[in-house]
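Just one chain follows, in the form predicted on its own, and it is written as structure tokens.
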């Protein structure tokens, strides 16, 4: 019997579980995929928004500003990369200038600090490569960039460090209220929990319907991105937005915490919640508007393109409520959901307490976690000392990102443990460079198979049927025979 079951291991569910693990509670995280951070948390803009965009008085506004204030400390505790780089919303005409002014006053009302409307000369002083056609900009010095999947993995891991259980490949198909507790089933296994938190992202409406709540629905909003080489990472230092529309914040150009340049996303509502395909039309829009925003963006240096799906709620705001006894909805967490996630977790804990959940502080709570990227950022002297103790750190597996065997093994052995190639990629950046895993993937498959004690050909790219190897070569069969 668990005290609380959190359905969904994206960044919101992860932050809720981590916050709850500071109390004497028996916790369980249920995730339908083969790893954590496989939904919107794996494919988004990685921005900590300052909080000037959301409507005054909304949950989005309140939790965005609070979450942005908390994020630096949260990332420091969890060993997650965080850079306070600021942001610019640029405009090109009189209508845009009115929008910028509106955003400024909305940000002031929301409590965002340091906002300033800039002239063309002032914005050029901050970002020399901003388009010379831009006529105005809103500058938000509190905005930042982080690694969203890194934050999710670390938060789930931290919850597990404090005793939480993680059940992967657990797609919730039925929830039964048994009076004092809920039975949550995936068809073959049942979990019992006194309280349930629905943080199921795109499918949070389906989960809510299992307990009789059909008060909202979730639409998938497609966002396509193009990621470019690190040679372009220094083109700008701030995150550059266009003035927003009703569909979102428009195409942005931003550095990443790992030194690449990221452009996107598009914004299109679609019916298929599993369709993550990129389109020629979408990528063309990203390229056109990115080059309009920032001079010097060269798409000849593209590494990869990808698509993320955002969970857009029907209410126009975050949907965080208690529709029935001991059941909390955390739904419609679109942008700025990543920014707001630490504050959303605080808010959910308050709701659980109001619903009767006994919250006693855990005196043995562990708040910190060692960064998985510590070796890469160590000095030469520190690296040499580590290699002396463990020679696997001297063997480079991913040449593009300079990731060593020791780092990959450490990631495979650290909760939540990856079981496939993409899981290793999200934790170590191996396969994220120019060759996109063309050279290092076979070695990583070998390490995974050995550590997990499974056949080489059983390792997948991202779980399910995403097989990497089929069959064996003649040499493999002869080797096994001997």
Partner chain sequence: MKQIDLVIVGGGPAGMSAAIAAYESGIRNLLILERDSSLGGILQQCIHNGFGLHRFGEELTGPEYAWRYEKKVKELNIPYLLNTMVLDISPDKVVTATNGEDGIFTIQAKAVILAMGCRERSKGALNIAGTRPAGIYSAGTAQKYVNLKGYMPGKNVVILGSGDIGLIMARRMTLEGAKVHAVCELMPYSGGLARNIEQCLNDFGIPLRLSHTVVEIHGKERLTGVTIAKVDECRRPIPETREYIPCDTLLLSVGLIPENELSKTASVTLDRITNGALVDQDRQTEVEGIYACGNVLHVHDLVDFVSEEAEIAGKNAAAYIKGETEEKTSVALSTDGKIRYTVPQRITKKKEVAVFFRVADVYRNVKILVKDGDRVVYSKKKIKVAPGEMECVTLRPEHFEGVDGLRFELEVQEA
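Residue numbers count along the first chain shown, from 1. What you see is a predicted model; the values in this text were computed from it and never measured.
The next section is about a form of this same protein that is not shown, the form predicted together with the partner chain.
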Flag residue 315 as yes or no: does it have a non-hydrogen atom within 4.5 angstroms of any non-hydrogen atom of the partner chain in the model of the complex? no
Test of understanding: in the model of the complex, would residue 57 fall inside 4.5 Å of the partner chain by heavy atoms? no
Does any part of residue 387 reach within 4.5 Å of the partner chain in the model of the complex? Heavy atoms only, please. yes
Contact between residue 121 and the partner chain in the model of the complex at 4.5 Å, heavy atoms? no
Go through 212, 114, 391, 187 and name the one with a heavy atom inside 4.5 Å of the partner chain in the model of the complex. 391
Of these, 302, 219, 99, 324, which has a heavy atom no more than 4.5 Å from the partner chain in the model of the complex? 302
Okay, which stretch from 273 to 281, 70 to 78, 177 to 185, 140 to 148 lines the partner chain in the model of the complex, with non-hydrogen atoms inside 4.5 Å? 273 to 281
Using heavy atoms only and a 4.5 Å cut-off, decide whether all three of 306, 446 and 462 touch the partner chain in the model of the complex. yes
Is any part of 208 to 235 within 4.5 angstroms of the partner chain in the model of the complex by a non-hydrogen atom, and which residues would that be? 226, 231
